[in-house]
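Consider the single chain below, provided in structure tokens and representing the form predicted on its own.
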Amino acid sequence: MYAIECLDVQKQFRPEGDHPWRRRKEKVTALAGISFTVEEGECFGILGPNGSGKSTLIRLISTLLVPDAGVVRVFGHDVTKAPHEVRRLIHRVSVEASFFKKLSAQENLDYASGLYGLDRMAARQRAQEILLRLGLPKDKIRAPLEEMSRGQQQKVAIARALLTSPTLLLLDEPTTGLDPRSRRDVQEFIEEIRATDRTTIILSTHDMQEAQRLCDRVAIIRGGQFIALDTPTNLAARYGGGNGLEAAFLALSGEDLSLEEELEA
């Protein structure tokens, strides 16, 4: 059984500002017939510019969206027909993680552990271990989230995701906007949980070095379609002239993600 199976998945959106009672000639195609599988324990990367369909695909896998056509299965469960079974197996970390900003990191994680029915003291100890391992200062654990930096809040989001020891971890640009030290801490921890828990990971990222370091295979997406899928090494050799994954991406898509990141910062 595959950890993830996507067969001819399609998704369209009504253009922003449109109304359901008005006819539009065209809809925006976010995903156009994507098919792929992910093995259990694999780290599968998705690279692409903004608007290419990365986050839409992750939202479909996490049951936050419903495909217009095709099938998405997570460990054999159809995300449309059995969303509750899927949600028990996954956790998602996104660049826009939500919190109760007036509460502390500890209080936010206590609330999350209660939702999942975890033992409060055991969950609290695990949360503190994860936060410290990610490099969050000990005195920040009881500080309100609104007093934390963007990078510190993202570490709390990752700790929240790992409280439940998810079978599938969906990381939607988890290190975007982090400083180099925080980015390294997060990457090292991802490597650690893969080695100890055999967690299957889907990683959407703009960071070529991150994808090369963490991913077993990488899909390059553009215009809602995969234009290449292989190991980072093979992609670099085949399309990048041996000059790395970024060169391969540029050759395939003609877009520079490093410039895009600078514009977003």
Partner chain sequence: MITLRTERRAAAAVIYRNFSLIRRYLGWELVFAFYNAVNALTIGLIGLTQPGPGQGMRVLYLSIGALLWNFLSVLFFEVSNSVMWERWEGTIEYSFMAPIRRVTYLFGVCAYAIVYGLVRTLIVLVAIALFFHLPLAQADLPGALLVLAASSVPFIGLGLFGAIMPMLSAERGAQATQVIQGVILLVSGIYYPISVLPHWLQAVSWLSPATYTLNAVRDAALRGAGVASLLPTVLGLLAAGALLVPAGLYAFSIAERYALRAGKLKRNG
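Numbering follows the first chain given and starts at 1. Just so we're clear, the structure is a prediction, and the values are computed from it rather than from any experiment.
We do not show the form predicted together with the partner chain, though everything after this point is about it.
- Though the partner is left out of this view, residue 64 does reach within 4.5 Å of the partner chain in the model of the complex, counting heavy atoms only.
- In the model of the complex, residue 118 approaches the partner chain with a heavy atom inside 4.5 Å.
- In the model of the complex, the partner chain lies farther than 4.5 Å from every heavy atom of residue 199.
- Contact between residue 129 and the partner chain in the model of the complex is not found at the 4.5 Å heavy atom cutoff.
- This chain is displayed alone, yet in the model of the complex one of 78, 110, 191, 179 has a heavy atom within 4.5 Å of the partner chain; that residue is 110.
- The stretch among 52-60, 209-217, 233-241, 30-38 whose residues place heavy atoms within 4.5 Å of the partner chain in the model of the complex is 52-60.
- Here the marked residues 98, 142 and 160 all reach the partner chain in the model of the complex, each with a heavy atom within 4.5 angstroms.
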